[in-house]
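In the form predicted alone, a lone chain appears below as structure tokens.
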């Protein structure tokens, strides 16, 4: 089966002044399954944008290759399969969304009549059909971002590559975009999503990859990437320093708030902590299990 994206030993090295070199992507190999929302994560400078530009054939790799549905990205036919939203989309301000999208649909090979219909459908899908005839100069940043998403959709691509798609969107726009991406996935399309909003990635993505300094440091489902270790989170009343010192030997992580104290402890030490609390007369207000979030995993892997 031809995968939507197959990256094999990809390396991109830039030449710097005085004979120096900078490796932005280092021997990267990733497979993106079909019909998933794929999260592409990493801190600034990790190589995400460079990788995306190589996938789109905007940049040439130093070594390795990338295939889109089995074709090398140097093959112009791959352009018909991909819709792309850059991190900072720019459109001519004098154009109206319907004009911009009709033009992009025509570039995708549709006739004039088909292009107009495709543009209207894309605007409707992104929830901005009411702004079809409003010049882009008069649209807010969030609405302009939705025009960018519609632009990526207008050619009916099998693969969507979206760089920070919810940037500038209000909560309503973010929810609409999340629902749209889920709908596209359920239709069998593949969404390649780069974002720093890790809460959204955790809720949306079926598979994620984490980069650090151009290298792949984690790959799998969000559950695969997060640590399997769990802790007990125990809440009691605010305690003084004397009691705190008596609890610290139990290897407890303690956070003191204005009105309460929260203690995190590994399961094997939880019983001893609860016995110590009983002896000290500390009431148990709340106890719950806690597992590493994707954001915490990201900080552990990529920081």
Partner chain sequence: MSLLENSRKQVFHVLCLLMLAVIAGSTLISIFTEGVQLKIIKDLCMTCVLFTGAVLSIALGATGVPNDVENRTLYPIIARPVARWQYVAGKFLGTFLTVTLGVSALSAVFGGLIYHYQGSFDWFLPAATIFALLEAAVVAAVATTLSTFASPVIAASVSFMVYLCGTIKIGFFGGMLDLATNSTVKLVGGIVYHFLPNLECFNLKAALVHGDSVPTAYLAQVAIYGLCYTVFVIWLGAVIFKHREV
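Residue numbers count along the first chain shown, from 1. Computed from a prediction, not measured in an experiment: that's the story for all the values here.
One more form of this protein, predicted in complex with its partner chain, exists but is not displayed; see below.
- prompt: Is its partner chain close enough to 60, 87 and 95 in the predicted complex that each of the three has a heavy atom within 4.5 Å of it?
  reply: Yes, the whole trio is in contact, each within 4.5 Å by some heavy atom.
task: Determine which one of 217-225, 105-113, 166-174, 194-202 lies within 4.5 Å of its partner chain in the predicted complex, judging by heavy atom distances; exactly one does.
output: That would be stretch 105-113.
query: Is there a heavy atom of residue 135 lying 4.5 Å or less from a heavy atom of its partner chain in the predicted complex?
result: It does not: once its partner chain is placed as it appears in the predicted complex, residue 135 has no heavy atom within 4.5 Å of it.
Proximity of residue 154 to its partner chain in the predicted complex, heavy atoms at 4.5 Å: Within the cut-off, so yes.
query: Does at least one non-hydrogen atom of residue 117 fall within 4.5 angstroms of its partner chain in the predicted complex?
result: Looking in the predicted complex, residue contacts with its partner chain do not include residue 117, since no heavy atom lies within 4.5 Å.
- prompt: At the 4.5 Å heavy atom threshold, is residue 76 in contact with its partner chain in the predicted complex?
  reply: Contact with its partner chain, yes.
- prompt: What is the one choice in 80, 183, 71, 141 with a heavy atom within 4.5 Å of its partner chain in the predicted complex?
  reply: Of the candidates 80, 183, 71, 141, 80 is the one lying within 4.5 Å of its partner chain in the predicted complex.
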